[in-house]
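One chain follows as structure tokens, the form predicted on its own.
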Amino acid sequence: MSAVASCRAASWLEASARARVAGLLDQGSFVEFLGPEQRAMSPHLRQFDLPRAFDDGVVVGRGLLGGVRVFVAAQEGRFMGGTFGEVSGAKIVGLLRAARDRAAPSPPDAVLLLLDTGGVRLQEANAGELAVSEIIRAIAELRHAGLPVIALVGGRAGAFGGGGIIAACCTALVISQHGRTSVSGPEVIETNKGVEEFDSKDRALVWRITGGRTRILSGAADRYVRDEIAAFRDAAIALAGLTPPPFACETLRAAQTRLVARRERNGACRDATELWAGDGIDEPDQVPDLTEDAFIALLSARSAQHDRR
């Protein structure tokens, strides 16, 4: 097996941000912007006697994805939980603005956001919050210009806080079983509402509520893939080749209508199993324990059923 094939067969969950980028893009096509050799590091972490990273936990650059020109940003969830800080946030914002401005020499045809984040870095809260808002604005501008922005979530940190909002703002979201998205993380909910509302130590509960299977079944994600870099690559290639829907008021109103209907249908559910039962899934309690093959077969059957409608 070649080095590229081996990389693409690797687990997305276990891979570093750089390994994900290397396996996702066409071999040898990645050109990094503001790489670690330039040592653009957070000026704040040293004040808290915390370790710093030469790339501040974010890899940004350009490359080819199945021959399509893309800009890509990948968060390193193993550094400070992939959090948004002054430098890491600015790198993503700068990348998105360059894509918006069709920066030479290789203007992109799509943007990939490899999200792996717990949200804003508490030590740089104001800068992190500002970065999240600027990222959301830049995504809206890109979508209005007709450029697809694709989020990929399958890392250990998931996409929580501002990262969860960013994922929801993208043109499409690709997620694996290990991916999790939410605005508020389990610990945050428990801290503010109590363990009776959400037991953050109940890992099965956490995955049932925020995990990839729930997100795809509820319509909050667009593609469900196996935990392989190659699977994320295939999904990204397919989505990057589609013409995105127009980002206009009609699109936003349609999305709002779907959200209202989802809330009315599922608002009283206390667990994902209740949601799945209400959606007509037989034996909903078995969904978390299904093998990947069985769950993908379930998705295919549901898709075929909806097509017949």
Partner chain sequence: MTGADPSQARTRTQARDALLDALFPGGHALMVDAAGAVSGHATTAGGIAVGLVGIADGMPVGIDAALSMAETVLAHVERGGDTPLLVLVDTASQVMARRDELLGLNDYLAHLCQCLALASFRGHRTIGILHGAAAAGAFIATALSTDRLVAVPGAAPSVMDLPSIARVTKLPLDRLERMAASTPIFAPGLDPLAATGAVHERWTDPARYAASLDAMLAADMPVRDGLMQDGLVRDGRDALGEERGGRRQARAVAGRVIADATARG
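All values derive from a computational prediction rather than experimental measurement. Numbering follows the first chain given and starts at 1.
Same protein, other form: the form predicted in complex with the partner chain, not shown, and the subject of what follows.
_For the partner chain, considered in the predicted complex: do all three of Ala73, Ile229 and Leu299 come within 4.5 Å of it, counting heavy atoms only?_
Heavy-atom distance to the partner chain in the predicted complex: none of the three under 4.5 Å.
_Using a 4.5 angstroms cut-off on non-hydrogen atoms, would Ile237 count as touching the partner chain in the predicted complex?_
No, no contact at 4.5 Å.
*Decide whether Ser200 counts as a contact residue for the partner chain in the predicted complex under a heavy atom distance cut-off of 4.5 Å.*
Taking the distances in the predicted complex, the answer for Ser200 is no, it never comes within 4.5 Å of the partner chain.
*Verify the contact flag for Ala277: yes if a non-hydrogen atom of it lies within 4.5 Å of a non-hydrogen atom of the partner chain in the predicted complex, no if not.*
No, no contact at 4.5 Å.
*asked:* Residue-level question: is Leu252 within 4.5 Å of the partner chain in the predicted complex, judged on heavy atoms?
replied: The answer is yes: Leu252 has a heavy atom within 4.5 Å of the partner chain.
*Would you mind checking 240-273 for residues with a heavy atom within 4.5 Å of the partner chain in the predicted complex?*
Sequence-ordered list: Phe247, Ala248, Cys249, Leu252, Arg253, Ala255, Gln256, Leu259, Val260, Arg262, Arg263, Asn266, Gly267, Cys269, Arg270, Asp271, Ala272.
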